[in-house]
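Next up is one chain by itself, shown in structure tokens, the form predicted on its own.
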């Protein structure tokens, strides 16, 4: 078949190129700061302080406040939707210039960060499922599980009273997941900041507040200790001006005042239709990231795959170390190390896209190495020996005899690795990539419609992976019978 011959030719060419291809490492460097645009980390799943509206805009008290201050003080900024924990780590690693994410000012955080003047005074409350009647106070939590969001005042407060009241803490990364855990009955209650829970209750998140507000720390805008002081001064100056001219109160009233917007009366189908553009954009980012990563992973696999089947024991050892390291490190740990650890250690900034491609490429490259090694070594050695005895050079013997047979074995496994890498992209939302899974989280943070959105996300993944699987089956049949 013509298509199989073309496929053979392309893969053969790429495989043979790897024999003489030198191995190198890519380095990332920060762009020169001309007319600097500040990189601001945040958590866009923390309504009403920061979330994404139906049009894809970042809105909320924090977002509107930052925008108003930037206009007042005449500076530019770019939002990095990282999630709270990742945003704090990014600030610590100097990957962002500042963080605004409903971040409580605590003595512990003051050791690492410089904070603005407080811009919001909050406190912690407890909520239970709307139809729950048996939990009325902390005393009713004994022997039960309580959901909290990591890194928040709610977590700290729950931890401080857990031994006294005898309950177990169940941590989550965002508020919507925490609320869902209570609604499904896995946890009987949750602790969160009062304005966040009150907003969620008003938006019909399925919970109700049952305690008075406990005193909590104030929110502040944060920068790294001793750095970006000019940004901090601009924030403070802008905040004073907004409080003086009434804009600050207007922003608060918009989201948590008596006339704040309530839930939209929308059908399930209407919600899905409204969410599709964001989800499709996330799916596009997922596919782009997958194919870009596999492109580099394939070349890494070619290099180290040939090293593993070569005669040089040092090269074989180096390839073995590469495979062992990047197959052995969990993808999440590798992503954190590349995006947070390396830039902090060497003092530079790295784009989340670069970090994501590096993470997936190294991880998938280790598996592709083994695919190529296994494919080549599965061909009987006698065929190479026979070819050489007939006078064929090594490269020609590989191209004409070994590689065409190895490709038949490799193709299904390559497609399988493509599917695995596509699913692995969902993990990389932790470093701020808005791919399909993160797009779903962002929509749920606004709508609290977990079942509908996760169902659509699952179907989208299923459709794409089914298509890839069918392509794999068809390619395998064509190659085997071509």
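Residue numbers count along the first chain shown, from 1. Keep in mind that what you see is a predicted model, and the values were worked out from it rather than measured.
There is also a form predicted in complex with glutamine; it is not shown, and the following applies to it.
Taking non-hydrogen atoms only, residue 197 never approaches glutamine to within 4.5 angstroms in the predicted complex. Contact check for residue 81: no non-hydrogen atom falls within 4.5 Å of glutamine in the predicted complex. When glutamine is considered in the predicted complex, residue 152 lines it closely, a heavy atom lying within 4.5 Å.
Residue contact with glutamine in the predicted complex: residue 363 places no heavy atom within 4.5 Å of it. A single residue from the set 103, 90, 355, 158 has any heavy atom within 4.5 angstroms of glutamine in the predicted complex; that residue is 103. Between glutamine and the residues 250, 145, 408, 109, the one pair within 4.5 Å by heavy atoms in the predicted complex involves 109. Stretch-level contact check against glutamine in the predicted complex with heavy atoms at 4.5 Å: of 64-72, 436-444, 418-426, 38-46, the positive one is 38-46. Contacts with glutamine in the predicted complex, taken as any heavy atom within 4.5 Å, map within 190-227 to 193, 219.
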